[in-house]
Structure formats: C-alpha cells, structure tokens
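One chain is shown next in structure tokens, namely the form predicted on its own.
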Amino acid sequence: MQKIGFIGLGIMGKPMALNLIKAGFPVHIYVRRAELLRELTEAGATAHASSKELAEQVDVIITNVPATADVEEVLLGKNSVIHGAKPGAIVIDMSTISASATKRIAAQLESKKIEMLDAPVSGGEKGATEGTLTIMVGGKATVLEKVQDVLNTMGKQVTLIGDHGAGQIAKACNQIIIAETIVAVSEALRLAEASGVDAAKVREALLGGFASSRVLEIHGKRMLDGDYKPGFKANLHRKDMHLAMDQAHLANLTLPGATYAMKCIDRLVMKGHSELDSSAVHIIAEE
C-alpha cells in the first residue's frame, strides 16, 4: 500500500487524513499545531519536522493549504517537498489556488521527475468527514490511475477535467455557482420575511421544487437559524472568488453575477466576519 504524506490539516485536511488512516494507508504528516499533531499521531499518523523530511518517506504527497503562496512554500521552498521527494513520487494538491501557478509548479516538479495532480474539492467539512467529496482533477490520466484508490477514499466523485490547472478552473466555476446561489437564497429569504411570510415555510416548499439545491438546504437553514459556524470560512471563499475573477479577466470575460457575489463576501469579511461561514452574507442582507 502506498505511503501517504499529508500537509495542511485544517477543517478539511484533518478529516481527509483520518479517512486515509481508517482505510489502512500509512499516513505521514507535517503540522505545526500541537493539538492537531497529538490527535493525528494518536490515530496512527507519523509526524515529521518538515515537508522535505515527510517527502523523503512517502510515495504520494497531498497538500491542502489555504493559498497559492502556501502551496509554493511547502512544495518548492526551503526544506520543501521538491528537495525530499523521490523521482516518481506524486504530489496531489487539493488546495484551491491559481490555475496558472499550478501549471508553473507542476513544471518545476516535473523537472525533478515528480508528478503532480491539481485536485481541488467541493463538499465542505461534512463531505471531508464522510469521505464524499467531489474531486476535480487536472493532470495526466496515467498519474491519476496510480492514485485512484487514494482519491476514492476521500471522495465519491473523481473527475479528470483536463491537463494541469484544469481542476483549478473547475473549482473556480464551482465557487462562482455556490457564491451566487448563497446570495440568491439570502435575497429570497429576505423577500419572504419582508413580505410577512414565514421564510422557513418558503424554504420547505422550495426544497420540493425546481429551486431546490444543496445551498438552499444547508445554507438556507444556517440563515434561518443564524448559525454560521464555519463549514467553509468567508475569508477562504473570498480568496476563491478573487481567483475566479482573475481567471475571468485572463479569459476576457465580464461576469456580473459573480462580481456582485464577490462584493457581498468582500463586505462580509471587511465587517469583521472572516471566520464565519460564507453563508453569513445573510448578515449583510439584513443590514
């Protein structure tokens, strides 16, 4: 069985790594937070002092970190993966980052005979915990075949989108749809409330019709309850939307709906709510 290295053990990464351990994969980790280190080593993971040291011991390195700069640091920086990984090792970056940066990173790794897949995910903390994530993959089909069982442990749907960076483009599309739908659900619930109608009953009715969606189901409930414990933090959704809009600019596209949704999330973060779930844009609607 392949030895797996995991870097980036936050809201998403920790349950993903735990699922790999439960499936019997030998899992090695690099983490700086003591409480996470203890929990994961007690579950069976082997800890290392650097990304380089981790990469020396494994066949597959999974990264799930917040931003492009973080991926570059753990893969290409000092004491990083590129300095420790063996030829033939496979990097699976499950972060959400710039597609153009992904292509550049993949080329640098390939110069050292290290393969790479970009494999961002959708499904939130619940999907990560239950192993039901949707995984969007960019890279070579032959490389994906070698790690299909690894990805299947973390997700229920694994789709090869295209070459390096294609997974990140798919994730940008995903984040646009989610952001715009969150805003639409918030506006619909506000209209119901402002019209003197029971918004909970409206949501219940809409869930049985064509307007039904996971966003209406999950985030609509959050809005009604005022419960914004993060499944996906607003500051991360903000980062993703700016990546999506950067990609739209490169493609010479104007996306009015996405622009408005991005501004709503921007305002939420600027108001000091960066650590709440992005569905908390409903707070802005209420204001």
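Since the structure is predicted, the reported quantities are computational estimates derived from the model, not experimental observations. Numbers follow the displayed sequence, beginning with 1.
Omitted from view is the form predicted together with another copy of the chain, to which the following refers.
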Listed residue that, although another copy of the chain is not shown, lies within 4.5 Å of it in the predicted complex (heavy atoms), from H83, R214, K140, K146: R214
Looking at A101, A89, V202, V150, which is the one with a non-hydrogen atom within 4.5 Å of another copy of the chain in the predicted complex? V202
Classify E187 as contacting or not contacting another copy of the chain in the predicted complex by the rule of any non-hydrogen atom within 4.5 angstroms, answering yes or no. yes
Since only the chain is shown here, I'm wondering whether E115 would be in contact with another copy of the chain in the predicted complex (any heavy atom pair within 4.5 Å). no
Answer for D198 alone: is it within 4.5 Å of another copy of the chain in the predicted complex, judged on heavy atom distances? yes
Heavy atom of Q247 within 4.5 Å of another copy of the chain in the predicted complex: yes
Judged by heavy atoms and a 4.5 Å cut-off, are M136, L160 and I176 together in contact with another copy of the chain in the predicted complex? yes
In terms of non-hydrogen atoms within 4.5 angstroms, which of the given stretches 107-115, 90-98, 151-159, 70-78 touches another copy of the chain in the predicted complex? 151-159
Those residues of 242-257 with a non-hydrogen atom no more than 4.5 Å from another copy of the chain in the predicted complex are A244, Q247, A248, A251, L253, L255, P256, G257
